[in-house]
Ligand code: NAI
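In the form predicted on its own, a lone chain appears below as structure tokens.
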Amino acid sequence: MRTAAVTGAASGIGRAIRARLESEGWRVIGVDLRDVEVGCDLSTERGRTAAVDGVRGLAGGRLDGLVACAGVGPQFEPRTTIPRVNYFGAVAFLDGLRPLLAAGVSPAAVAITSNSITAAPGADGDLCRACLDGDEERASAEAATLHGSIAYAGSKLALARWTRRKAPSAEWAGQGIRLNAVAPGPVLTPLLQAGLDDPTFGPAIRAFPVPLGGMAAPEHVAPVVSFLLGEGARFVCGSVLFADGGTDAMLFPDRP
């Protein structure tokens, strides 16, 4: 039986990913604030250490799949927490458990980003650069000065770029580990619902153009992650796969 660890596994996309993988015969170690095998707060160094140590203790010496899905939305307060969870928590989890993936069978990892990485003006700014520089305090301070939507998009853009930069490296591809990302559009989760309920963010989310119409369910994203973890994606490495109903293609049709 193959083993995967999934952050954000208690709700939303993470929960759907867990259910999908378990239906395919995977053993899944869930990581979240509560109601999972490993309870921790990925916004703190202590919580990240607890996440890595907790999964390591349950994994039996190896992992075959890893999914960094936990995140907070643009409406989250304090905004300083947004890059702490969305970027630094994800990277610490992926990097910390990479040695167990190297011991796995056809190992693969997936980071959940967002189509806001291309759709949100201002994402490619100082917050994104601070994340990629590894400067958590600067990134957090920068988030406090930004609109939540830009802080969110910047943190997710940094995660996508980290994925692209690390995927072909000796530590990842060189160890036979495939690293990719999925960029969902609006997905009906508790995280998105909090945004829909917000008087500022709600109208903007509803007005966001989706060529296929409506919003996705978490179960629409989970099979994409399952594919990237599976043998069918054996030669996929360093890709950011948009699962957004066509929004990115509509806005930027000439991008490769």
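Each residue number is its position in the shown sequence, starting from 1. Everything numeric here is computed off the predicted structure, so don't read it as measured data.
This protein has a second form, the form predicted together with the named molecule, left out of what is shown; the following refers to that one.
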Which of 162-170, 127-135, 142-150, 113-121 sits within 4.5 Å of the named molecule in the model of the complex, heavy atom basis: 113-121
Option touching the named molecule, based on a heavy atom within 4.5 Å in the model of the complex, out of V28, V187, V224, A59: V187
Of L228, V55, C40, L63, the one that lies within 4.5 Å of the named molecule in the model of the complex (heavy atoms): C40
Close approach of V85 to the named molecule in the model of the complex, 4.5 Å, heavy atom: yes
Touches the named molecule in the model of the complex: V67 (any heavy atom, 4.5 Å): no
Contact of G12 with the named molecule in the model of the complex (heavy atom, 4.5 Å): yes
Residue contact check: L33 to the named molecule in the model of the complex, 4.5 Å heavy atom: yes
Those residues of 213-227 which, in the model of the complex, come within 4.5 Å of the named molecule by heavy atom: none
